[in-house]
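One chain is shown next in structure tokens, namely the form predicted on its own.
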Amino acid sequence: MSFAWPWQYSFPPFFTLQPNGETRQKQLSAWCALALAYSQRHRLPAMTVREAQDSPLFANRRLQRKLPLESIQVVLEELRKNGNLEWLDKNKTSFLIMWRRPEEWGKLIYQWVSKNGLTNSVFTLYELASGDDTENEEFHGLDETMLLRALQALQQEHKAEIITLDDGRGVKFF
């Protein structure tokens, strides 16, 4: 299934941040929605700014238009303010984009655990994110960084405990 681009993506002025405050805010909202949808569809949790700049997300080859680097950084900062992005380094060259927050992932994981009667069970992180049992779940294939954050959120709610196993990390659900 291909990605459905919003109508703005085919509109050349979309690739230039508008000076009018109200128009600019609507444009930033559209960019944020697009970035989240694109990242979710392509399962891209972590990226560098360079990768983002060269990706189809910010570069429409058909229109031969690219969002300038400074504007990309404005969009990324807007995503950060909204709680959907976290910088992974001090120089702001790489980031984690969160189309779902860790608490939301944790809730999905715990619903699966409860629905399948798996409380008081121990799983490796691999089993949760890549195992056959989770193949049809939304969190299947989840990036390990985000998986750990989701499990940490569950740990704070006393629904899980992250543990160290011989071959890596795991989690016990309560």
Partner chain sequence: MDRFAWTSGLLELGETLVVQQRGVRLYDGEEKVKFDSGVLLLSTHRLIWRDQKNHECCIAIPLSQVVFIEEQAAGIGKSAKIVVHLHPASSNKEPGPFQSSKYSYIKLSFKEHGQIEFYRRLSEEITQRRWENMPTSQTIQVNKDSQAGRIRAVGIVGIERKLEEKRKETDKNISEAFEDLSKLMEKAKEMVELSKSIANKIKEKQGDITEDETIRFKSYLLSMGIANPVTRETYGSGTHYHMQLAKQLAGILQTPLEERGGIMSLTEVYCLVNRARGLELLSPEDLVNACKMLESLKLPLRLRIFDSGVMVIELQSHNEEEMVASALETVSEKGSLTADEFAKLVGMSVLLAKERLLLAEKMGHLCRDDSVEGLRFYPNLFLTQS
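Residue numbers count along the first chain shown, from 1. Worth saying up front: this structure is predicted, and the values here are computed from it rather than measured.
We do not show the form predicted in complex with the partner chain, though everything after this point is about it.
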- Counting only non-hydrogen atoms and a 4.5 angstroms cut-off, does residue 26 reach the partner chain in the predicted complex? yes
Look up in the predicted complex whether residue 65 has a non-hydrogen atom within 4.5 angstroms of the partner chain, and give yes or no.
-> yes
| message | With a cut-off of 4.5 Å between heavy atoms, is residue 18 one of the residues that contacts the partner chain in the predicted complex? | response | yes
Notebook entry, point to check: So in the predicted complex, does residue 166 come within 4.5 Å of the partner chain, heavy atom to heavy atom?
Noted result: no
Note: the partner chain not shown here; in the predicted complex, the stretch from 26 to 34, 50 to 58, 136 to 144, 111 to 119 having heavy atoms within 4.5 Å of it is 26 to 34
Residues in 4 to 22 that come within 4.5 Å of the partner chain in the predicted complex by at least one heavy atom, in order, are 7, 8, 11, 12, 13, 14, 16, 18, 19, 20, 22
